[in-house]
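As a starting point, one isolated chain is supplied in structure tokens, in the form predicted alone.
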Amino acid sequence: MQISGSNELVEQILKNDLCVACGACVGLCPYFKVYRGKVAMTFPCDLTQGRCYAYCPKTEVDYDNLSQTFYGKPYQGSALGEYRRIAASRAGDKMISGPFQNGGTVSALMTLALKTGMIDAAVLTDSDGLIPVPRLITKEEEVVQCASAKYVASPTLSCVNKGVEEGYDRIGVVGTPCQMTAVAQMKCNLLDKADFKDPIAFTVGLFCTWALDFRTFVDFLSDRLDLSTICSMDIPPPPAEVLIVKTADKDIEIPLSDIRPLVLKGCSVCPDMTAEWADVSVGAYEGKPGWNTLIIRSEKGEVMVDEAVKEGFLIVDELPALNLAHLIQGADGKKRRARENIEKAAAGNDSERNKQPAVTENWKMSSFQ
């Protein structure tokens, strides 16, 4: 894997509209800033190699290296990635209530991680109206303040960099698949620094098919309703095919076909739906509101889940075979679409260039075949 600097990051990713505003490059140095969902380089930098480039989930990602590092084997490219077991889950009686989108599994795990001292800080995503706001928290009771899903890209990982700067060295992170890819690269010492120390102690990945461009989404909604009345949003599992915008007095259903044109272009070349590089991954439970689908990937994740069950923070049950089959189908479909979009963009014909984001030569199809 060739690691370049910030100038190459701008040329290959930002200018090609592949940035998904994960926040991994924000806060590493004074040069990268984010505003209303857009990342920009504000000053020139002459470093030939940089953490900004090494961490970015849209530059070349060496999936074999990640798999060898975390699982001790080459990357298999399976639909769901490596895992130990898959279950249904929801918050238990010991977990305080909150505005959980589904089962509250994420909040329960992060609350217990703080309570037990497994982590000394948690990087989560809060919101200010429709604006996603990265937060670095240290108190258990603050976790539920960040509950509920956000469908807009958030520079959450900027708070990982903030946490490291403030001296935290056991950080828990909740993020989307692209953010978990960036975190995995943060943990690998890709620049071979002698004084490297992994500051990430626990990761929870969120199932994600795509994220919306904040600016275009706000414009879209402002033409349809008063933004100040929005309380929350939800996308039910298939076959619903709608975005539900909850306001103070009614629910508004918007067809996903109207929403998809607002999806970040970088999402179209993302092969990961279930956050393969997290300790545990969490998503909706199809057909059972109030529950989550839980993928336990690492030994650390399994220990944490077992402890959460033992302490009453989590309830775990079997996931039906049909739900697992649907999950595999959805995740495999995202890999297939990413592969097709990369091939179309790489082919370079004019008609496809108008439809797909430009993709640099760093995107290797063999990485996730």
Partner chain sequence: MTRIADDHKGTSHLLMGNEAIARGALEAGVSVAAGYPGTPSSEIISTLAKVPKEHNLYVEWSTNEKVAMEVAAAASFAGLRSMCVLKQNGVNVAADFLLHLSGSGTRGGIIIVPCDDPGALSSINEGESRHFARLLEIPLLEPGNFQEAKDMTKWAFELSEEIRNLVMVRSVTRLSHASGNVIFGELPKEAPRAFFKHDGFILDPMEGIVVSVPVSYRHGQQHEKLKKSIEIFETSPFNIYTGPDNPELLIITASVCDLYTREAVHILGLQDRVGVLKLGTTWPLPPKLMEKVMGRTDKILIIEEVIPFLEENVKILASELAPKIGIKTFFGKRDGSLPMAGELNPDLIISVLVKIFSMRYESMPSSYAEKAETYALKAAPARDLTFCPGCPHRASFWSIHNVLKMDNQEGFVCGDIGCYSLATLPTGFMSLKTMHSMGSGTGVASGFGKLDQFGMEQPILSVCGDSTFFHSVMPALVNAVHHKSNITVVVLDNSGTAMTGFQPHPGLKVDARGNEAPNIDIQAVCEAIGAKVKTSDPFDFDGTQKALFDLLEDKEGVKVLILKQICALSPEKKEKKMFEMSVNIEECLGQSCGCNRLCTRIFRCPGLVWDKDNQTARIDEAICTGCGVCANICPSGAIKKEEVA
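Positions refer to the first chain, counted from 1. Only a predicted model underlies this, so the values are computations on that prediction, with no experimental measurement involved.
Missing here is the form predicted in complex with its partner chain; even so, the following discussion is about that form.
K.L.:
Determine whether any heavy atom of residue 318 comes within 4.5 Å of a heavy atom of its partner chain in the model of the complex, and answer yes or no.
P.N.:
Because no heavy atom of residue 318 falls inside 4.5 Å of its partner chain in the model of the complex, the answer is no.
K.L.:
Does the 4.5 Å heavy atom contact test between residue 166 and its partner chain in the model of the complex come out positive?
P.N.:
Result no; residue 166 lies far from its partner chain in the model of the complex.
K.L.:
Is there a heavy atom of residue 334 no more than 4.5 Å from a heavy atom of its partner chain in the model of the complex?
P.N.:
Close contact is absent here: in the model of the complex, residue 334 is far from its partner chain, nothing within 4.5 Å, heavy atoms only.
K.L.:
Spell out, yes or no, whether the shortest heavy atom distance between residue 38 and its partner chain in the model of the complex is within 4.5 Å.
P.N.:
It does: once its partner chain is placed as it appears in the model of the complex, residue 38 has a heavy atom within 4.5 Å of it.
K.L.:
Between the options 309, 303, 324, 47, which residue brings a heavy atom to within 4.5 Å of its partner chain in the model of the complex?
P.N.:
Partner contact (heavy atom, 4.5 Å) among the options: 47.
K.L.:
Please name which of the stretches 28 to 36, 62 to 70, 310 to 318, 325 to 333 has residues with heavy atoms lying within 4.5 Å of its partner chain in the model of the complex.
P.N.:
Result for this chain: 28 to 36.
K.L.:
Going by heavy atoms, what in 202 to 231 lies within 4.5 angstroms of its partner chain in the model of the complex?
P.N.:
Contacts from 202 to 231: just 215.
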